[in-house]
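Just one chain follows, in the form predicted alone, and it is written as structure tokens.
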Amino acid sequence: MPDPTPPLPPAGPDEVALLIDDRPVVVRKGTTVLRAAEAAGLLIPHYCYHPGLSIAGNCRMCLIEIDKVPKLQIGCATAATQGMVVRTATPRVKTAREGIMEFLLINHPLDCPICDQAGECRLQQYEAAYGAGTSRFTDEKVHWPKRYDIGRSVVFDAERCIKCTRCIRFCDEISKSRELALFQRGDHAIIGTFPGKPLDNPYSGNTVDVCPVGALTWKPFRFKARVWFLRDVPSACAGCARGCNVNLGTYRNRVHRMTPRANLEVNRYWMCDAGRQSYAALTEQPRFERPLARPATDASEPIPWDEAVERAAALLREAVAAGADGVAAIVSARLSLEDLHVTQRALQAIGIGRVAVAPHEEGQDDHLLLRRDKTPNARGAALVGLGAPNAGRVKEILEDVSSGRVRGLLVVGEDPIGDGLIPASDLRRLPALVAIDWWKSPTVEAAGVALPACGYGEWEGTLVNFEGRAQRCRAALKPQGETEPVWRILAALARPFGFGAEYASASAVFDEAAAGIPALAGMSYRSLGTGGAKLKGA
């Protein structure tokens, strides 16, 4: 005798109970069978469905069998109902999926070895899991243009496209730029752009993310690394105040790509193109990997860490001794919360009371993710007591540098010379200029002592976005040369001034900040997890 049907679990007034492959599932009313199966840990294969887009129902890969319904149904568009009994692996379903896979592969080129999507391609995965393994098609395939720039940073291979329309729906519904459409009919249908309107919206890279095959590829990543070599490290984008959740794809101690990581509270499933390429500065900008000191007349030269810290402390001590108004600091809101917390404490120990946090603004906030504020931690700077970014305060300090009223300046993570805020000659005349940064900026080259810090992806820390959500950035790379996290550099620099705190890790710094800042009360790296947490009262 066949096994009896398992009993249905109780469902609330806004819920329905159903069976999927004899597994009891309870979901909210209106939930599709595909989503209900995902909630139960069951995979219903699909191409055209994406949780962030409207339902198209055109790939037919998610066909399922429902008791008492004569025809197979698509799971992505069929709402779960009370008492529904669903089968996802019956002979009818398997045969239908084999046919769909055969149709999808009729005109598809067999170029998996050279395709950037290989290893992440659902066509590969589903053919192995659900395909028949053979094809009855012997005629000439339909050929389309290959490897052409459909936009500024996106390459299109029309022969690989399975017409799932995810990219079209993204441009219509999410970016609202509407560059893409489906032209022609039948096996001659092709995705394309409208005349004179290439795929150049600020979020074009998301069309590559949603493409389930290798039809759309991201030009900066093409042929850089095989995806199975990459190690994805969860982090947060530092390109603006949004703090999109991302994965840093690393290989051989280098970031090769950044892709969005789903977080419905921050960026949903998307990220902007500028943030996607923000990691490129790590290799495009000249790094300096050892402390530098500049004698009065010569160019900067490397020196040991201990000597560099001693020289920097001596310069700052002389400037502080000359008077409280004669020494100042300019601090970056691109630093982590841990860096900013130790910076604030170190400045107090050194005796620098005049501090400005530099703003960086560009463009305007848009309807989706982009923020005008290009600093990822302006909220964190205010939280630790350094103050919000203030262009007027930075300008006042630099004017006093030019006039000679400020004789000592500590610059942490900023480049006022490169930003055009002050001539290099004015900073070079300073008796005491100490710079801390990750790259050899014009300000670093002008400094009396420059201390090398870890760059993005090399440090562990926390960013607080404009909405007050604290999010972790995990170290994905081994630091270059002798670079150190900013918090460790500032602690060492302040130690000759009586700063006695010792930190074993960035986590220890965060714990100290959380103990002293009410908005962070009760938080820890463990509680932040991979999605972050809102500040108390935010």
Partner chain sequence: MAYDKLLTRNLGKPNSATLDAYQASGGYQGLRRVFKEFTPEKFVEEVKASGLRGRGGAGFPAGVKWGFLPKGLEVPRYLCVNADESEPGTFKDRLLIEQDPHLVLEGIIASAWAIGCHTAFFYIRGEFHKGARIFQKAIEEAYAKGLLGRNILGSGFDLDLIVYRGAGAYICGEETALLESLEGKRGLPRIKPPFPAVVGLYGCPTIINNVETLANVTLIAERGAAWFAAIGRPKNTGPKLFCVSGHVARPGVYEAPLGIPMKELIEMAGGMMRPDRPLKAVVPGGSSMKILPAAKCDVLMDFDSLAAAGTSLGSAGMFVMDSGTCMVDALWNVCRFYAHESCGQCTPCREGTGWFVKILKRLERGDGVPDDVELLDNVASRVEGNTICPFGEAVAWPVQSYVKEFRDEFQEHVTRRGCPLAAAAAR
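Numbering follows the first chain given and starts at 1. Predicted model, so just to flag it, every value in this text is computed and none were measured.
Separately, the form predicted in complex with its partner chain exists; it is not shown, and the next lines address it.
inquiry  = Please tell me whether any heavy atom belonging to Glu140 falls inside 4.5 Å of a heavy atom of its partner chain, as the geometry stands in the model of the complex.
reply    = Because a heavy atom of Glu140 falls inside 4.5 Å of its partner chain in the model of the complex, the answer is yes.
message = Whether Ala322 contacts its partner chain in the model of the complex should be assessed with a 4.5 Å heavy atom distance threshold; does it?
response = So Ala322 does not count as contacting its partner chain.
task = Indicate whether Cys59 is a 4.5 Å heavy atom neighbour of its partner chain in the model of the complex.
result = Close contact exists here: in the model of the complex, Cys59 approaches its partner chain to within 4.5 Å, heavy atoms only.
ask   = Would Pro113 show up as a contact with its partner chain in the model of the complex if we use heavy atoms at 4.5 Å?
value = No, no contact at 4.5 Å.
query = Is it true that Ala329, Gln344 and Arg372 each have at least one non-hydrogen atom within 4.5 Å of its partner chain in the model of the complex?
reply = Not a single listed residue reaches its partner chain in the model of the complex, so no.
query = Which of 209 to 217, 147 to 155, 423 to 431, 160 to 168 has heavy atoms within 4.5 Å of its partner chain in the model of the complex?
reply = Among the candidates, contact is made by 160 to 168.
task = Select from the listed residues Glu460, Asp415, Asp400, Glu102 the one whose heavy atoms reach within 4.5 Å of its partner chain in the model of the complex.
result = By the 4.5 Å criterion, the partner-contacting residue is Glu102.
ask   = Of Cys272, Ile74, Ala308, Val406, which residue is found within 4.5 angstroms of its partner chain in the model of the complex when only non-hydrogen atoms are counted?
value = Among Cys272, Ile74, Ala308, Val406, a heavy atom within 4.5 Å of its partner chain in the model of the complex occurs only for Ile74.
Stretch 169 to 208 - residues with a heavy atom within 4.5 Å of its partner chain in the model of the complex = In sequence order, Leu182, Phe183, Gln184, Arg185, Gly186, Asp187, Ala189 come within 4.5 Å of the partner.
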